[in-house]
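Listed next as structure tokens is one chain, alone, in the form predicted on its own.
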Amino acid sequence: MPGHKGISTIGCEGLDITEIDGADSLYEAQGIIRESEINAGTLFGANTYYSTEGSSLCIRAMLYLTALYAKHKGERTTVLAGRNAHKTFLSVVALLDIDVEWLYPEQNSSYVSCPITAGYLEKIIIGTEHKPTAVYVTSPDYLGNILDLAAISAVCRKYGILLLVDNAHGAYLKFLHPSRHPIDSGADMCCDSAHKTLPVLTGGAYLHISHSAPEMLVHKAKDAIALFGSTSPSYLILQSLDCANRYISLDYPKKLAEFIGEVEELKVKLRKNNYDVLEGEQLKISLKTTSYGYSGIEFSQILSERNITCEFCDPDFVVFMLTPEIGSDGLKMLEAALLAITEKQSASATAPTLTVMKKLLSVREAMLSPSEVIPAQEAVGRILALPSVSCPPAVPIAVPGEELSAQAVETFKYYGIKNITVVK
């Protein structure tokens, strides 16, 4: 790079190159980058493209491709989306002026989850005035819940609707036996954050497009990524994605299966010790800590004193994201720390039930309106302008354009959100 000229300050500068001869160019890849993407696609069984800006870039690309597909068919872009969509989804909806109809969970759940079924989805599709262009779901979600994507994709195919999946937490699902990856379950497009479950640098991610998806999605994929991506993609991240191909193709599936076996043994031990361990994906341990007598935040602080940092915590849960890189010793350390915590009487506080809020503006209108920051407790009746959540989990409690109810304000309070941005 011109700035550091390969002179080392932190140690990686000699590998930090730019688009010089022989290094290829991510958005016009015809050389070693394209060869590496093809190698990744062979491993994942899809048309695969690299992102150095995480799944966020891939989500933007998926929605742009969906908008092009709708335009090709002479339709306005409408998406049925699970309510637990990442806030990146909302930003691209605003940028592209996409119409969104929300899919709400059939039963009360954490705001980071939206356990919809194929039957529920079909009822919603039948009841909509205009057939949606796509269905967008998050699976796995932050608590590890995995949707029945095979059944959901069958409904989408029945009605000629694209299926898009935020699979940021599930790159490894491809290498289970049998595979539980969205592409193998019938999704047309999905994103994987390689850095979440594979040994890849932060920002390394994949956009996958199914071989059976409409051809125009493949033809325009690079344009979609380039539209939103930095013109200076990190070659360090690209190199780590390339190295992941070799890592996967050696003995990763075997290594993964053995490690998952150890994780399952730990989950059994935790349940025997009265921990409420959520069902779900294999590389997550999600504990409902209120059943054990602690808030998730309090529980996280106890573990922090034992040099263990959880992936995510809120008043009700703590979540650990595990990979084979933690090894048996890491699992034993986690086991010892968890079993050393004394159970208390179950906590009485429960999360407020989220209800449907009145939509007064589109997401685009709200996010592009003049706004102001106010205390959340003064927000009843105001229109939300921006998502008021950090990452993790980056799942909005309310959506821009909605009129905030008293219950929404109570939910903000429960999750410790003190200030929010509303339309002026």
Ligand SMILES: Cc1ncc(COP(=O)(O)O)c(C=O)c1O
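In this text, all values refer to a predicted model and were calculated from it rather than measured experimentally. Residues carry their position along the shown sequence, with the first being 1.
Unshown form predicted together with the named molecule; subsequent notes refer to it.
Although the partner is absent here, A168 lies within 4.5 Å of the named molecule in the predicted complex, judged by heavy atoms. By the criterion of a heavy atom within 4.5 Å, Y172 is excluded from the residues contacting the named molecule in the predicted complex. In the predicted complex, no heavy atom of T66 sits within 4.5 Å of the named molecule. Proximity of G54 to the named molecule in the predicted complex falls within the 4.5 Å heavy atom cutoff. Per the 4.5 Å heavy atom criterion, the named molecule in the predicted complex is contacted by stretch 138-146, the sole one of 72-80, 258-266, 152-160, 138-146. Shown without its partner, this chain lists I59, V363, A46, L384 as candidates; in the predicted complex, only I59 has a non-hydrogen atom within 4.5 angstroms of the named molecule.
A heavy atom within 4.5 Å of the named molecule in the predicted complex is found for one listed residue only; from S234, S193, N245, T290, this is S193. Although the named molecule is not shown here, in the predicted complex the stretch 73-103 places heavy atoms of just one residue, H86, within 4.5 Å of it.
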